[in-house]
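In structure tokens, the next block holds one chain alone, the form predicted alone.
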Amino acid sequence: MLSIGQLSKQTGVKVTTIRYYEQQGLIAPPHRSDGNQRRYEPDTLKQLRFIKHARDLGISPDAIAQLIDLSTDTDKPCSAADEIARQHLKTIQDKIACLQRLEKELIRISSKCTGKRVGECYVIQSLSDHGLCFEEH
């Protein structure tokens, strides 16, 4: 059995986050010691590492819950898990495309600024008037 501190240390997940995952049902509720301390099964360590890795990849808690549910039956086809990953990938690709548009626009805006006086500053002007932007972002 592992304490919440041991889980935290071995996974790099904060104690408050472990409690949150417990409240959200992502990890099984722990046993309680005679002193009412949380005591987790060794399998919780593996599950917490799974959750942490998924969160590091930006996967939402809801999607993680679905993946955990899918993982309980090893004979299920993995198409549902694959679909979750593909949907998340699409979201990430959309965000990257948006960030690339933002980068392009900020490069354009900052390159037009002469840096002489704020009254003539293209950065200030363009932020005040979205119509000065080259494309939608």
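Because the structure is predicted, anything quoted here is derived from the model rather than measured. The numbering used is simple: start at 1 and walk along the sequence shown.
Heads up, the form predicted together with the DNA isn't pictured, but that's what we're talking about next.
- Proximity to the DNA in the predicted complex, taken as a non-hydrogen atom within 4.5 angstroms, holds for one residue of 100, 36, 79, 93, which is 36.
- Proximity of residue 87 to the DNA in the predicted complex: non-hydrogen atoms within 4.5 Å are absent; the residue sits far from the partner.
- Contact check for residue 53: no non-hydrogen atom falls within 4.5 Å of the DNA in the predicted complex.
- Heavy atoms of residue 10 never reach within 4.5 Å of the DNA in the predicted complex, leaving it off the interface.
- Among heavy atoms of residue 32, some come within 4.5 Å of the DNA in the predicted complex.
- For the stretch 1-39, the set of residues having any non-hydrogen atom within 4.5 angstroms of the DNA in the predicted complex comprises 3, 4, 5, 6, 14, 15, 16, 17, 19, 20, 21, 32, 33, 34, 35, 36, 37, 38, 39, in sequence order.
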